[in-house]
Each structure stands twice: as C-alpha cells, then as structure tokens.
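This document opens with one chain alone, in structure tokens, the form predicted on its own.
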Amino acid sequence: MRTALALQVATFARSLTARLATVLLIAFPPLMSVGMVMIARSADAAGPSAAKLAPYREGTVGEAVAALSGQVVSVVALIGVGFAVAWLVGREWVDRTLGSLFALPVSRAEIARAKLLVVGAWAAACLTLAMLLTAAGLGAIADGSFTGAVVAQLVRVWVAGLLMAALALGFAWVAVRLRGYLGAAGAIIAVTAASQILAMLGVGAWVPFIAPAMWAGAGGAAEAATIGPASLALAVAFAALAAWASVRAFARARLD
C-alpha cells in the first residue's frame, strides 16, 4: 500500500486539476460566505440584486455567514472533490497508463484504495482549512460573532462538507465504468442539477447527495430540522458502498 500511496500522491500533486480544485475548496467558501454577507449589509446593496441579498441581512453577521457557508461548502465539496477523484481515476484511460499498472508490485485494488485515500485526505485537509479561514474572516469583520449557535453551525458545516466529499469519491466508479473523466464530469453536473430538483420536490431528506447539505442549512433552518440521524446514516452508507464499488470496479478493469 505504501508504494501505491507514494505513486498516487506524486501523480496528484503534479496535476493542474488538483491545484485548481485546491483553490476552489480552500478559497471559495470563506470568500463567498463572508463576502456575500458583507456585500448584502453594505450601504449600497440595492438594485436588482437586493432581493437576492435580502436573506443575508437577517440575523447577526455570524449567523448569516455560518448559514451561507452551509450552502457553499456542500456544493464546493461535491463538485471539487468529484472532479479531483474523477481525474485521478479516469486519467488511467485518457493517458493510456492503465497497462503500466499491471506491472506494479501491488494489486489494482490497492491502487484504487490509494487513489481514494489520497483524494479523501486532501479533501479533508482543504475543507478544514476552508472552515478555519471562514471563522477567521468572520472574526475579522464582526467582533463577538462566535456565539454557541454560530460555532455549532460552523462545526456542522464542516462535518457536512466532509460527508459530501466522501459521497463525491463515488464518482470514481463512474470514471471506471466510462473509462475516462469526461463522463464522470458529466455525472457530477447531472447529480448537482438533479439534487436541486429533488430538493424542491421535498424528497431531499432521503437522497444521499442532498441530506448532508440540507442538514448544514442549505435549505434554511426549517429544512435542516427535518434531517435526522437516519438520513445522515443513509448518506454515510451510500458513500461507503460507492467507495467499495469503485475499488472493485477498478480492480476488475481490463485493457480491452
């Protein structure tokens, strides 16, 4: 496993996809969460965008930032991690390097697990740093923002982000089945769009890709209250099943 991990770390670290996704995961949540609230509460927040910014004027600054971060982190984790794992897995077909894996002194199952572990560890580190930067930005713009409720919400957003990242690892299965990362990229976009529709239909609590986001406040406080342990347990189980299926599919991949 150590050999497989070293190979995947080196491959992932050199990729442009990983670098772009790193910026997305780390910089976008604090910039969007803190920035949108600051814009909404500025004196010149008027015009056509005033209605869209209105929800971010409600409550204290800390509450607004913490609530908005739930929406931002959930989407960024799914898309950013999804694209990263799709690239790391799908590149074996696109770059025609799958054949070389047969010569390595490790099984393809170990290589697949190494890919998921590398992306998973990277995602956890990025999301943790993003939440720390969000908290730092919040502290910089508003003294006394860290009430118990705000801290609890930020922790909830962090946990939800990790769960969304774990769910995104399942797109590795799509990359294997479609032999490349373009098909997986299309699946990520399709899942994101379908999630929006299903959430509006009121069935999001039982859709693994929606429940963690709703729990983090993406649909508002009322929607978050509808997400219980069973919904989150279903999302965890789905993430584990998708990861297992991804490893199994990669281990059985053939050159023809």
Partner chain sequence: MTALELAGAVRVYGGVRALDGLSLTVEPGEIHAIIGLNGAGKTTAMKAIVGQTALDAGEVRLFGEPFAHASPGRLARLGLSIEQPFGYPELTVRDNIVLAARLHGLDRGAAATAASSWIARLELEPWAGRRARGLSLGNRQRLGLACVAAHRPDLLVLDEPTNALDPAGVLLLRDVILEAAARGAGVLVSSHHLDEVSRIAHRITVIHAGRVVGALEPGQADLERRFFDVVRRWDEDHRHAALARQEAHA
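Keep in mind that what you see is a predicted model, and the values were worked out from it rather than measured. Residue numbers count along the first chain shown, from 1.
Another form exists, predicted in complex with its partner chain; not displayed. Remarks below refer to it.
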Notebook entry, point to check: Looking at 178, 106, 151, 124, which is the one with a non-hydrogen atom within 4.5 Å of its partner chain in the predicted complex?
Noted result: 106
Check: Would residue 7 sit within 4.5 Å of its partner chain in the predicted complex, counting heavy atoms only?
Finding: yes
Next item on the list: Find out whether any non-hydrogen atom of residue 143 is located within 4.5 angstroms of its partner chain in the predicted complex, and reply yes or no.
Entry: no
Notebook entry, point to check: Though only this chain appears here, would residue 14 touch its partner chain in the predicted complex if you measure heavy atom gaps against 4.5 Å?
Noted result: yes
Checklist line | Close approach of residue 139 to its partner chain in the predicted complex, 4.5 Å, heavy atom | finding: no
Next item on the list: Would you point out which of 95 to 103, 67 to 75, 167 to 175, 154 to 162 contains residues with a non-hydrogen atom within 4.5 Å of its partner chain in the predicted complex?
Entry: 95 to 103
Item checked: Sequence-ordered residues of 68 to 87 touching its partner chain in the predicted complex, heavy atom within 4.5 Å -> 87
